[in-house]
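The chain that follows stands alone, in the form predicted alone, written as C-alpha cells.
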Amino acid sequence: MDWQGQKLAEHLMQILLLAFAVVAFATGYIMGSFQMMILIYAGGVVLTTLVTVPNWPFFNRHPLKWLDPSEAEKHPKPQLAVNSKKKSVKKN
C-alpha cells in the first residue's frame, strides 16, 4: 500500500464507520432495539475492515520507486554534524 493508498484507506474507514454509526443509531432508535443497533454497527465494522485492511490493488495506484542496491552504494550516506563548542552555563 502506498502513501496515497493509506490516506484513501483512512478516509474510507472514517466515512464508512460514521455512516454505519448513523444508520445503526437511527434504526435502533426507530425500532427501540439496542441489540439491533449493535448488530448493524458490528456488521459495519466488519465490512469496513474487509474494505480497508487488505492491500487491494486500488490502494497501490502510486507505487514508490526504490533505488537498486548497487545504485544506493554510489551515494554517500549523510553524516551527522558534530559541534564541539558547547554553550557554557553559569551557575550562581
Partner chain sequence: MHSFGYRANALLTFAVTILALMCAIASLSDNLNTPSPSAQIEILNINWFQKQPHGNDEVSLTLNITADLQSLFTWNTKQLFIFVAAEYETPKNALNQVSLWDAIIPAKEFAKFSIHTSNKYRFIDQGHNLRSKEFNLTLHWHVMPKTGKMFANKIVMSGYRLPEDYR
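Residue numbers count along the first chain shown, from 1. The structure displayed is predicted, hence computed values, not measured ones.
One more form of this protein exists, namely the form predicted together with the partner chain; it is left out here, but the text below deals with it.
Undergrad: Please determine whether Q4 contacts the partner chain in the model of the complex, using a 4.5 Å cut-off between heavy atoms.
TA: No, Q4 is distant from the partner.
Undergrad: I'd like to check something about T49: if you look in the model of the complex, is any of its heavy atoms closer than or equal to 4.5 Å to a heavy atom of the partner chain?
TA: T49 belongs to the contact set for the partner chain.
Undergrad: How about F58 - does it come within 4.5 Å of the partner chain in the model of the complex, if we only consider non-hydrogen atoms?
TA: No, F58 stays farther than 4.5 Å from the partner chain in the model of the complex.
Undergrad: With heavy atoms only and a cut-off of 4.5 Å, decide whether W66 touches the partner chain in the model of the complex.
TA: Taking the distances in the model of the complex, the answer for W66 is no, it never comes within 4.5 Å of the partner chain.
Undergrad: With the partner chain taken in the model of the complex, which residues across 37 to 53 come within 4.5 angstroms through any non-hydrogen atom?
TA: Counting only heavy atoms within 4.5 Å of the partner chain in the model of the complex, the contacting residues of 37 to 53 are M37, I38, Y41, V45, T48, T49, T52, V53.
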